[in-house]
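The chain below stands alone, shown as structure tokens; this is the form predicted on its own.
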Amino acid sequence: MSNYGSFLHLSKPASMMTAQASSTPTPLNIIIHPQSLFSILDHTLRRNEGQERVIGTLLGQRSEDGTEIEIRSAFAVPHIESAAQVEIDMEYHKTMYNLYHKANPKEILVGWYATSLELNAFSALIQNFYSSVSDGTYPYPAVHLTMQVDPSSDISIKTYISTNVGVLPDKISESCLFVPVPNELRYAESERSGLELVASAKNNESRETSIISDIANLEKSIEEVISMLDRVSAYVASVQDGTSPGNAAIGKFLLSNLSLAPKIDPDELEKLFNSHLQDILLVVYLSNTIKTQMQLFNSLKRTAVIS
């Protein structure tokens, strides 16, 4: 081991060391908002006949450390794809991005989507365009979202980032390795009712549903709460009887939530609830009365103009 002449010493190229020193953090999690998925599905329904997949731009926000990306919205980008080549309307992409950015300055370019799970050489070309220095996400990697929209199967969503591979300079633009990144669907509490209404149409053959009234929605919510309470009570009873194994995490969760419940007499709670319900009914009645008066006023105004 004392003969160092038998060893081959290699040093890193300067360009590689510089690239690693200035590397940016890669995203560890992708958060997808429902609005962007609805835009992608709408684009799929409006695609040209015979077009296998559609592509578009993803907009959203990036965390300060770059490890988390939120996909908030998306817009379609026209493209023509054949077995030999792919053409993208880049001017349309730039124009639409500028309009979206003016309307929502906080949303920036984060990547692109395609309605196909296949990754090919064309995917690499498009990925390199969205990761470019001039019009892309550089120095951050672009996110590629693939979505399976076949009506005969469930919707499948996958997200990727990429890194260049290969040694030939003339092939570097179409050679990249797609690395999967975990993703999750997240929505606000204010969007829950709308999403549940849309999801209720899946049980109808016509895929149509009607908007229920506020009272019916309140009744449905109360029934769901009662059903959840029954399930929790049955679980606690089964644990006490020894028929089901206990779970410390579930017990702590139930204890923390029950401790937040106000200590109030059931009769007093029912009285407060009925009073609040009467207030809601009064507001609904006044709203309908004002609406009727406005309609009557417009009808009298049109009659006066005609006469």
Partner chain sequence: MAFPVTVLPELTTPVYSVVIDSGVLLKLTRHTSESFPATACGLILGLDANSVLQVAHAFPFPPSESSGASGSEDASAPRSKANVRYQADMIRLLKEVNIEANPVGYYISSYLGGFFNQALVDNLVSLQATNPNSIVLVHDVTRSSQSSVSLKAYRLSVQFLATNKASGGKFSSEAVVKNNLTYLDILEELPISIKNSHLGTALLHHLDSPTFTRKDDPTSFVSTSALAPNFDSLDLSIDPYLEKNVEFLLESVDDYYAEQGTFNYFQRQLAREQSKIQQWIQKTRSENALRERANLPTVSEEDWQKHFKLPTEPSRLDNLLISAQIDQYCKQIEEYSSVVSSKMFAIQNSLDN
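Numbering follows the first chain given and starts at 1. Quantities reported herein were computed from a predicted structural model and do not represent experimental measurements. So that the term is clear: the rigid core is the largest set of C-alpha atoms that superpose within 1.5 Å between two forms.
What comes next is about the form predicted in complex with the partner chain, which does not appear here.
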field: Position in contact with the partner chain when the complex is considered in the predicted complex, options Ala201, Ile108, Val86, Ala237, heavy atoms within 4.5 Å
entry: Ala201
- prompt: If you check in the predicted complex, is Ile211 within 4.5 Å of the partner chain, heavy atoms only?
  reply: yes
query: Does Ile215 reach the partner chain in the predicted complex if we count a contact as any heavy atom within 4.5 Å?
result: yes
Contact flag, Asp154 vs the partner chain in the predicted complex, heavy atom cut 4.5 Å: yes
message: Under a 4.5 Å heavy atom criterion, is Ser132 part of the interface with the partner chain in the predicted complex?
response: no
message: For a quick check, can you give me the residues of 268 to 285 that have a heavy atom within 4.5 Å of the partner chain in the predicted complex?
response: Leu269, Glu270, Phe273, Asn274, His276, Leu277, Ile280, Val283, Val284
- prompt: Core aligned, does the CA of Phe38 move at least 2 Å between the shown form and the other one?
  reply: no
- prompt: Is the C-alpha displacement of Lys102 equal to or greater than 2 Å between the shown form and the other one once the rigid core has been superposed?
  reply: no
- prompt: 2 Å or more on the CA of Gln85 between the shown form and the other one, with the rigid core superposed, yes or no?
  reply: no
